[in-house]
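Okay, so we've got a single protein chain in two different forms coming up as structure tokens, structure 1 first and structure 2 after it.
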Structure 1
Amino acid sequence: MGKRKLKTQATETTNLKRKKSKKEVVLESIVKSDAPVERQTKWTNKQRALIFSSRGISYRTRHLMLDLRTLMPHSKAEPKMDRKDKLFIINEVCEMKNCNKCIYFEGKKKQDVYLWVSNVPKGPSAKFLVENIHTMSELKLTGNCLRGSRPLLSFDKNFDSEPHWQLLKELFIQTFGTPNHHPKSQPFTDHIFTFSIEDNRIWFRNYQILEEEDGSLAEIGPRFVLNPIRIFAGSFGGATLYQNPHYISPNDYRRALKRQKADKYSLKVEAKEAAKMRKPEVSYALDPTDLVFNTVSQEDFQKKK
């Protein structure tokens, strides 16, 4: 019993010594306005985006996907998905990867690229046709930014004009915006993501902030154009909230071009036939009295026989 008492007394004395050695932090009663505000160091925004694609995409689309992964430190990667699989399987993949946002590139006919942006698992989700793709390595632009830095998101004022643009704006903010104090992000901002609406399409650009005073920018890349097709209530499916009436599918566009070429050929054939019909058998006028004084020889008479 005596040994146990001695041990408990020794532990109590060591704890008292540790408490005395620690300096007590006393807050000031008056805070000056020039004093720096303490930043929140806890990572509260747990947004994670899964970025991957289907099989059969082109090299340009693959480079665009890799550029988005480098620019978004809160993104995660996944191997390519088979084109035969249904889209709702992506919700299960996001759940396994612990992601609540998804950017999925879907390639068709090795020339058409579709982009899905979804809020997993309850939605909404939007499907776009990707046009005019230019990657960072292709453009050779002068801008540059640190890897992992948080971007500023700049939206056109037209995003507040109609409800479907407002919904897409909120979806882009939650997907492309890097959460504050993310472990893989840098604690400063040196580039801007701009989303602008023109010709019923969304134009994406990435700029570097050169100087904060005059607001000079330099484009980094990548750049692409999103043509909205549909907005669904669920994740990768569900009820249709919006359908773009100005959208023309790539198949219809290529079919129209072929029809124009076929119409050109048919018009040429019709023009030739009309020219033949209009062409007279005799190209100049003849006077029948000119043959009165022509003498017929015996050879001409025999030839007629």
Structure 2
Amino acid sequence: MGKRKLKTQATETTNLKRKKSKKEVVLESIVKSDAPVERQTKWTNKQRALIFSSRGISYRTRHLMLDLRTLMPHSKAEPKMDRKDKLFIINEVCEMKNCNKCIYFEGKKKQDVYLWVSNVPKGPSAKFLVENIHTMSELKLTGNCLRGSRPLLSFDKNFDSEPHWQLLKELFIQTFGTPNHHPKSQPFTDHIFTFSIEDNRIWFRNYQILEEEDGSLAEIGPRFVLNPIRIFAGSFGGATLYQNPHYISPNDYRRALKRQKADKYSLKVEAKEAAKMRKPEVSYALDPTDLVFNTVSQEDFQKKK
């Protein structure tokens, strides 16, 4: 038994070696001196992500964007875009920057943050509302990792349940995953991006791998929650493939809150008015002519005296 096992192992290793040797560039026996040297290119999955934002994002969003840039060595930067520019311009910007993925932060009303993740020339793209942002510079997040090391991408099992989640998963893998052998990347794996679905939202976490044996972790940050709004077939536009029925726009939410407050006041006023109406001015309807029969007695007279 033992012998056979050993044998199989040995054959496997030889197979591996053969495979490796297949990929490696083997110089020919005779090479001309002026021929260009053929280099082995290990970097096959050439994803480049453009990370930038519109004008009018909050400081917190800006920090989040910078954090993503530091964590993703395959990212490129771009000055903030004017608010008035149309979104499809981004496609051209990406083309100019030679990027095929785009992460675009859009600030609205100085408080709401939307995030576009797009596969640039052909789509799809998805728009999210970003909630609960915590940046990497928060002191309670104690982990640290190499700048540009490749993260593992951990996905919740729920990502395989529905087609739209599957699409988002594929999009995230291509966007957030650092390509193998990227020139700026580090050759070690020391952190993990976690995407989980909870409450119809995608929760993002980034952990440092402390111990490889038991898998103990420390959070590096950033944290944010992505509430999907729509998925488009094209990049920054096109036909809608999916629309989130659970999504409530922050404007609607705020309006509801305001209305609740307004209701509180109007109800109070109404109650006051009603109380006023209920309360009679005269406690008992007396007949004034009854007073005619009131006679003054001797006692009353003396009392008055």
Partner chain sequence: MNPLIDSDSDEEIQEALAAGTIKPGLVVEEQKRDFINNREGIKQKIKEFSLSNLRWIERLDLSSKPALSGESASNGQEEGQSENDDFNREMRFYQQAQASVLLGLKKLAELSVSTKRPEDYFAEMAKSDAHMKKVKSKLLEKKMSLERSEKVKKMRELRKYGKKVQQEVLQQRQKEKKAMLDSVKKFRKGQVDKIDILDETIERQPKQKQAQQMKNGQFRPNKKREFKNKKFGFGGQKKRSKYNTAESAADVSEFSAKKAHGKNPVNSSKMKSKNKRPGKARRNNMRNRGKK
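Counting starts at 1 with the first residue of structure 1 and goes up one by one along its sequence. As the structure is a computational prediction, the values presented were derived from the model and not from experiment. Just so we're on the same page, rigid core means the largest C-alpha set that superposes within 1.5 Å between forms.
Between structures 1 and 2, only structure 2 derives from the form predicted in complex with the partner chain. Superposed on the rigid core, the forms differ at V296: its CA is offset by 2.6 Å between structure 1 and structure 2.
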